[in-house]
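Shown below, as structure tokens, is a lone chain in the form predicted on its own; questions about how it binds or moves come after it.
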């Protein structure tokens, strides 16, 4: 019953994100709104991490399985994708490297600031 309750909380927050996506005319996916709502609820104490921990961990563990339908869809569309395959691969590799680099630098800055605050 605990897992069903936790899953219900996650689904409800996702639904609220989708509703915001319809109401707010920004090109932001409903899932992003849902993640922001979840973050706000966790930071303000409306929700505790223990309220969603086990189900969230399960969903993260099975996340690779969720990509299987998308991969099959790409294989079905191979005829349209073949002409742009090389440019897409170059863009994916470059953007992945860029995101990894920026994430690493931001993490270094945050760690450096935290260490500086501890020593003051």
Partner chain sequence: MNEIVQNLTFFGAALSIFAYILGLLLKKKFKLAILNPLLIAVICVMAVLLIGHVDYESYNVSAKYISYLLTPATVCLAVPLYEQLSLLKKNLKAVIIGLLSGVFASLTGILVMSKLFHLSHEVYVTLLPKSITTAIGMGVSEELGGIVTITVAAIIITGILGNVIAEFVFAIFKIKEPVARGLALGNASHAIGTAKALELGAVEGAMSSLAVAVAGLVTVVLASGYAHFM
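Residue numbers count along the first chain shown, from 1. All values derive from a computational prediction rather than experimental measurement. What we label the rigid core is the largest C-alpha set whose atoms superpose within 1.5 Å from one form to the other.
Same protein, other form: the form predicted in complex with its partner chain, not shown, and the subject of what follows.
- Contact annotation: residue 10 falls within 4.5 Å of its partner chain in the model of the complex, judged by heavy atom distances.
- At least one heavy atom of residue 117 is located within 4.5 Å of its partner chain in the model of the complex.
- By the criterion of a heavy atom within 4.5 Å, residue 102 is counted among the residues contacting its partner chain in the model of the complex.
- Its partner chain in the model of the complex is not approached by residue 23, whose heavy atoms all lie more than 4.5 angstroms from it.
- Shown without its partner, the chain has 80, 81, 84, 87, 88, 89, 90, 91, 92, 93, 94, 95, 96 in segment 78 to 96 as residues with a non-hydrogen atom within 4.5 angstroms of its partner chain in the model of the complex.
- With the core held fixed, residue 49 shows a CA shift below 2 Å between this form and the one not shown.
- If you fit the rigid core between this form and the one not shown, you'll see the Cα of residue 15 move by less than 2 angstroms.
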